[in-house]
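In the form predicted on its own, a lone chain appears below as structure tokens.
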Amino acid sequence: MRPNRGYGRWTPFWFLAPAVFTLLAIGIYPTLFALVTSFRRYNIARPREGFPFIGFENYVNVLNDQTFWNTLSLTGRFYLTAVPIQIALGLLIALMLHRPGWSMLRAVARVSLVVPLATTYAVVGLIGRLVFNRDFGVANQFISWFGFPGFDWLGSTSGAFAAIVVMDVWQWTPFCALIFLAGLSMVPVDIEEAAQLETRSKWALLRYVQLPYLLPGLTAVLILRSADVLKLFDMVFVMTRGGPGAATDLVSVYIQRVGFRVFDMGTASAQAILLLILTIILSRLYIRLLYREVE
């Protein structure tokens, strides 16, 4: 047999090496650095004090920090407000796109769904500042059509929180819709048609036929959104900088303040590691409760 000169023993290594090296450089190394830093007194504004090892002192300080718990609670409230809306709207859009007919309209809608996903967080924040501007924002123009006076969205606590929720829903609802649409496309056509002959109830069709195929996608949505909300910073910082007061001071904004304004990198690293642990726990919880393989 003629030897294949283009494929050798080290060929798989050279194909995998760039991806592995990149993962180590931008994923593994920063995580390990943060883990090591979390066990040290690491204030870069006081280099003369050195960076001594202090064990779990940073973690104890974080767990006794009421501001950390307040920002984490606010982040949880943001998650419980935005994500259910995104899932409900995403499922509704996916069901509409899954219906037969209107192929051209469905193709245009699918392409349009990608636009918010392709928008960076900082740009979403800039769009949010324009939409909810008190003087010339689209939001005040919209409510004025119904006879309501203009509102200082970004200058009030409830308005600022609602504004970041709306922009997060705008950006991530298409993601949920595309994931659910992929799940619906996995439903066998013959089973779906047989179920439609058995019942005219849309809810029964969704509950007993389509939902099992949506659960893996729903699990992925919850895992990704949990991780994303816990590290959501750019959009909120551009729109409100965590204000007014502490109305939009999510935990990621607080960690940034501790790390890059107080320069207490040890405490900020401990906070980040605790969020990583929380993300892993939530992910395992979602997989255990929701994930089901369709046989």
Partner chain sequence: MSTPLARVLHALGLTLVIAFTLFPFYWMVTSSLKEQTDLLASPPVWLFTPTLSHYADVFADDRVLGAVGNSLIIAIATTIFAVALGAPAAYALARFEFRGKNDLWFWFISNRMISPIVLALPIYLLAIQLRLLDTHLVLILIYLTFNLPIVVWICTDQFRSIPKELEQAARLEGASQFVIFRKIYVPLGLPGIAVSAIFSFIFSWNELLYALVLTRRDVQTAPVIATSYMSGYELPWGKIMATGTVIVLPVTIFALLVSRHMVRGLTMGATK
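Numbering follows the first chain given and starts at 1. Since the model is a prediction, treat every value here as computed from it, not as a measurement. Rigid core (definition): largest C-alpha set, two forms, superposition within 1.5 Å.
One more form of this protein should be noted, the form predicted together with its partner chain, which is absent from this view; the next part is about it.
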With the partner left out of view, is residue 145 within 4.5 angstroms of its partner chain in the model of the complex by any non-hydrogen atom?
yes
Give a yes/no on whether residue 245 approaches its partner chain to within 4.5 Å in the model of the complex, heavy atoms considered.
no
Does at least one non-hydrogen atom of residue 78 fall within 4.5 angstroms of its partner chain in the model of the complex?
no
Taking heavy atoms and a 4.5 Å cut-off, does residue 255 contact its partner chain in the model of the complex?
yes
Heavy atom within 4.5 Å of its partner chain in the model of the complex - the one residue of 82, 74, 220, 91 that qualifies:
220
Has each of 178, 228 and 237 got a heavy atom lying within 4.5 angstroms of its partner chain in the model of the complex?
yes
Residues from 73 to 104 in contact with its partner chain (non-hydrogen atom within 4.5 Å) in the model of the complex:
93, 96, 97, 99, 100, 101, 102
After the core is overlaid between this form and the one not shown, has the C-alpha of residue 241 moved by 2 angstroms or more?
no
